[in-house]
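Given next are two forms of a protein chain, the same chain in both, each as structure tokens and marked structure 1 or structure 2.
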Structure 1
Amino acid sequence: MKLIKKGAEADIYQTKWNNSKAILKIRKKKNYRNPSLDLKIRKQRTIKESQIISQVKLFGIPTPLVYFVNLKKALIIMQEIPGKTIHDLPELKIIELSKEIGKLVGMLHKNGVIHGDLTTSNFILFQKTVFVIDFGLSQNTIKPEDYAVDLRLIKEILNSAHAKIMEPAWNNFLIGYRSIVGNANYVKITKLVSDIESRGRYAAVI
């Protein structure tokens, strides 16, 4: 077993499951919380994540298969997707695939799910298919404001991690997104993104 990522909420390991490469995600204990409350929170989040991974598959989102869930240890073992993260691809490829990412996010939102951590490291290209990973912060919601926060996050990521190609990548993302959610929802949600940005600028000035 090999540690591949230490996060604030969970540690991610590369492991094996029935002789196949797999990912083990273990939610960390928080010592500042009451132990029974801490276990309850970690259990709930583990259940929620595994449920949403399975749920979004039903409406066509490529995600890892969930192999095993242990609630007492707050862990999930899932399929390892062996491709490359979008973050690590050449710039022209990122621009091209941004439209597909927009479609995937649109499918999530159209079906009442926010991802909660939309970064280019949470999309993996494998055999011409873009997979979505890490649903640890995902939620079911019908609030347009929640969808706008999702969009605002990926826009920030494009602006910080892929500044040179931010504009064409973001434009392609929006084309893909609008093609799924429809024009009326697109206008409403992108206006909310602008509202969030304007509040941020106002707060910075104050």
Structure 2
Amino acid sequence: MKLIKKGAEADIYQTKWNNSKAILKIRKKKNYRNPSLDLKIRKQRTIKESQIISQVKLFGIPTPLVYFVNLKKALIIMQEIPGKTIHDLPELKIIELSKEIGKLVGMLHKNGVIHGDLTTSNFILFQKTVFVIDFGLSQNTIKPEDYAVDLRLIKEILNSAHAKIMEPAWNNFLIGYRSIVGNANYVKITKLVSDIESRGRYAAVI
């Protein structure tokens, strides 16, 4: 097994599953957490990730197939998507694909799912399809405030990790998002994003 990524939360290995290339994701023990709480959190995120990765396929979100889950070890073996993360693509490509990402997030929200960790490293372009990964923090929710928090996070990531292309990328994201959730939801949710941002600014000055 080859270690390909050491994340804050999980280690990612390349492996094989029935002769297909596969990814093994294992959530690591955190020594700063109480051991039984730690096991509970890792188990719960492993359950969430494997459930929602499959659930969202039903309404058309491309995600890796889940091959195997071991809750005790907090590990998932899934299909490897042999592409590149959006984060690692050239800037022009990121701008262009932001519309598709907006559509995918719109489809999640329209179906009552928030991703919970919307970064450009959690989308993988393979051939012409954008896949979504990393559902450990996702949730089923119908609260518009939760959708706004999801949008706020991806906006923040565009602002920090992709500052030079922030504006066109965010605009394209919003065009894609609106085309899926409809204008009324779009207006309501983006208004909530502005509310979060103004609270943030207010909090920053006191």
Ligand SMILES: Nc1ncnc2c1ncn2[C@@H]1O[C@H](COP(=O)(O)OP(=O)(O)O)[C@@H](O)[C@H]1O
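Small disclaimer: the values here were computed from a predicted structure and weren't measured. Just so we're on the same page, residue numbers count up from 1 along structure 1's sequence. Take the two forms, find the largest set of C-alpha atoms that superpose within 1.5 Å, and that set is the rigid core.
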#### Entry: Structure corresponding to the form predicted in complex with the named molecule
2
#### Entry: Threshold 2 Å Cα movement between structures 1 and 2 at residue 10, rigid core reference
yes
### Query
Just checking, between structures 1 and 2 and with the core aligned, does residue 40 shift 2 Å or more at the CA?
yes
